[in-house]
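The chain below stands alone, shown as structure tokens; this is the form predicted on its own.
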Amino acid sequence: MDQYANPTAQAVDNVLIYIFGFSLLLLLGITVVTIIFVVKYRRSKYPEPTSDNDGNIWLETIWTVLPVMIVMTMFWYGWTNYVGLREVPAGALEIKATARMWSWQFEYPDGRKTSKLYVPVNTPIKVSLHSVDVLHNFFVPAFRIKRDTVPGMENYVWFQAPEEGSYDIFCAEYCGVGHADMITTVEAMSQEAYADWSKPLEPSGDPRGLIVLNEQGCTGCHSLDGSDNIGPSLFELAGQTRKLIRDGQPVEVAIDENYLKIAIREPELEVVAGYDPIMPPYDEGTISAEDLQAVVDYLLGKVVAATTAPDADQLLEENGCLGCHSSDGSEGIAPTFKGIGQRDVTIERDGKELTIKVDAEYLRRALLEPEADMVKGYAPMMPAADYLSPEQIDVIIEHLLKQ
């Protein structure tokens, strides 16, 4: 790899070599002088002091000033290179990285999402770091970049891939039992290959409003099928009313376009009775006016989802399922998907062990109520997939039964 085309690695390596070089030089110098003094001025040769000097101003000045200068140059060199690691070059391609237990998801400017980070070579890349659950750490050894990914705090790193290839990405912060398997790669491509890869995708069958709800994580708190969740359900809102707490007083209002826009932009103004005021506001920097209107139209039933079925492999990848479940039969922190539709499993249900055939009913229960049927030998850590639509659940089940 060309070091000079890899600016982040060059910055870190140069500082390391500088500090290590001076440390090695001082170690050797002090060791040699110590050995000379031990041999030359040993007690058997000079049992009594031969000099009454109690100091040397020049020697004391040198061994005080010189180390201070060395340490200050180390600080200056380290600081200037650190600043370079935090100053993103103009025109950098920005990609959002979302960490979760235990997988990475990368979102590109056009909205496409992947589990591997695809980048063009010789182009500055800014990776915006986010976490949806616990503390993770984004670490790419080849580029010497390592940064915490903290829930509720936006962080970033940048790098530039000097040549085509695959470079490992690790989570360098212990984040649970699947920490060691939270591995993916940077896939560096030629400019031409990346341009071809990043061509606009065929439009999905979902309306824009539903896409925005999923992208913003709204379905993590609000169900789309009428079931209870952390927030009120978004199922068939048109014509309904809501009981709100307004200025400390309970009121009942009709759900219309104006109400929904206020509830999204300024949710703290009118909290639905019986729910905690925990929803964050979504300003225009988060949801544009066009996307807000698309969401409102979708919630009020002015648009409906197209009949195009979602892709099962894409759903499994985008939702981090492949971070715990392998698809090639290898052992992991969760049962493999390979052959799952043709085997029996031993589960723990209501404190009893049962061996059952894997069928659609079992898979649906495993997706929506994973704590109810725990596969023997595996930890109870899978989150419920109730943020997926019924259609998406059906597609995943059909796909898994064919494995």
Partner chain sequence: MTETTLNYSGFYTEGPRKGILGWLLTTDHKRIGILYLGCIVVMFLIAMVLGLAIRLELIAPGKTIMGPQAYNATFTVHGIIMIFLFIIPSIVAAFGNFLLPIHIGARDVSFPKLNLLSWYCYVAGGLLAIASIFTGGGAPDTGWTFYVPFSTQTTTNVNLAVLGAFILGFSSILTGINFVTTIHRLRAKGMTWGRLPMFVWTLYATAWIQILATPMLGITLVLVFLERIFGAGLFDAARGGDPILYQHLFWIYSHPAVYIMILPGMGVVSEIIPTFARKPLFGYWAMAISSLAIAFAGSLVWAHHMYASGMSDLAVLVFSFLTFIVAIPSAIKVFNWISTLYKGSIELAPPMLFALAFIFQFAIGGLGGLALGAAASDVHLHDTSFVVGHFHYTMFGGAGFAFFAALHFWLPKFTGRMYRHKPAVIAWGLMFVGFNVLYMSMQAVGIQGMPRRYYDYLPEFQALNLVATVGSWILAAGILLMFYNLWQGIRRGRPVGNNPWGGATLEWQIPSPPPLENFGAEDPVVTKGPYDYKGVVADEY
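Numbering follows the first chain given and starts at 1. In this text the structure is predicted, and so the values were computed from the model without any measurement.
FYI, the form predicted in complex with its partner chain isn't displayed, but the following is about it.
Per the 4.5 Å heavy atom criterion, its partner chain in the predicted complex is contacted by stretch 70-78, the sole one of 237-245, 263-271, 70-78, 120-128. Not displayed here, its partner chain is approached by Val150 to within 4.5 Å at the level of heavy atoms in the predicted complex. Put simply, Pro141 is close to its partner chain in the predicted complex: some heavy atom of it is within 4.5 Å.
Under a 4.5 angstroms non-hydrogen atom cutoff, its partner chain in the predicted complex lacks Tyr108 among its neighbouring residues. Proximity of Gly176 to its partner chain in the predicted complex: non-hydrogen atoms within 4.5 Å are present. Using a 4.5 angstroms heavy atom cutoff to its partner chain in the predicted complex, all of Leu27, Asn155 and Cys171 count as contacting. Note on contacts: among Ala312, Val134, Leu300, Ala92, the single residue with a heavy atom within 4.5 Å of its partner chain in the predicted complex is Val134.
Taking its partner chain as positioned in the predicted complex, none of the residues of 106-122 brings a heavy atom within 4.5 Å of it.
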